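One chain follows as structure tokens, the form predicted on its own.
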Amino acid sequence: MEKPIVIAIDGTSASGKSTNAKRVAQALGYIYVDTGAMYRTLAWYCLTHGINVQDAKAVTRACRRWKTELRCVDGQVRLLVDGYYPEREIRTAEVSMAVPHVAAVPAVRRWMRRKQRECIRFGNLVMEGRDIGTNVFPETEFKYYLDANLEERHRRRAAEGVQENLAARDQQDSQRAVAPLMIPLGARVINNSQLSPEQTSAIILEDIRKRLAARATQTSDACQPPTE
């Protein structure tokens, strides 16, 4: 039985990771995994339980004790807490401000890495985040790193009705001690400042299909009996 394929889509905030990862997953019939939502869920959990997100030890204890479950619903993996998925709650401005703090805790990143690697049991994945190709699935050959200029990324956030200091978030993510935001080794870098989601996902899909076709050819050749 072949090992499931993992498509890693990393990048900066508002670079189109979620939009394009969803489009790619739908086009290929793969399972979509939003790892950022997992960190947001922990941030929401801490806030709702009165845990100081800037207290690394307290956040670590919370991460070790909370009762979670991975569940695949409508082609998307969700991290449930006590059987509940806080889909709307994790998208608030308060949670957005708390996420960088919990995401910087080394024990949290180790816990998340284990949990995210478990997603492979659901099948082929398109996984988006900030350390998929460098830390979660560094062994995958399908790595993509999305970026756009800061002005364009701010415009995208504003269109969503969100005000966020993206430069500060990028700096926090890039300078954290464990699994910092960086371009994965061997990743295809796509600056989509001037590209639509359709154009960006088309570039990714074309590359994936070429790689899959090449892999299939190699496998076929390897299975051919030697000629006399």
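As the structure is a computational prediction, the values presented were derived from the model and not from experiment. In case it trips you up, residue 1 is the first one in the sequence shown, and so on.
The form predicted in complex with ligand DC is left out here; the points below concern that form.
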- Task: Quick one: find which of 50-58, 193-201, 36-44, 63-71 has residues within 4.5 Å of ligand DC in the predicted bound form by heavy atom distance.
- Result: 36-44
- Query: Would ligand DC in the predicted bound form be within 4.5 angstroms of a non-hydrogen atom of every residue among K22, L28 and L79?
  - Reply: no
- How about I132: is it within 4.5 Å of ligand DC in the predicted bound form, going by heavy atoms? yes
- Message: Is it the case that A103, even though its partner is missing from this view, gets within 4.5 Å of ligand DC in the predicted bound form, heavy atoms only?
- Response: yes
- Message: Under a 4.5 Å heavy atom criterion, is R109 part of the interface with ligand DC in the predicted bound form?
- Response: yes
- Message: Test of understanding: in the predicted bound form, would V99 fall inside 4.5 Å of ligand DC by heavy atoms?
- Response: yes
- Item | One residue of R91, R114, R121, R155 in contact with ligand DC, assessed in the predicted bound form (non-hydrogen atom, 4.5 angstroms) | R91
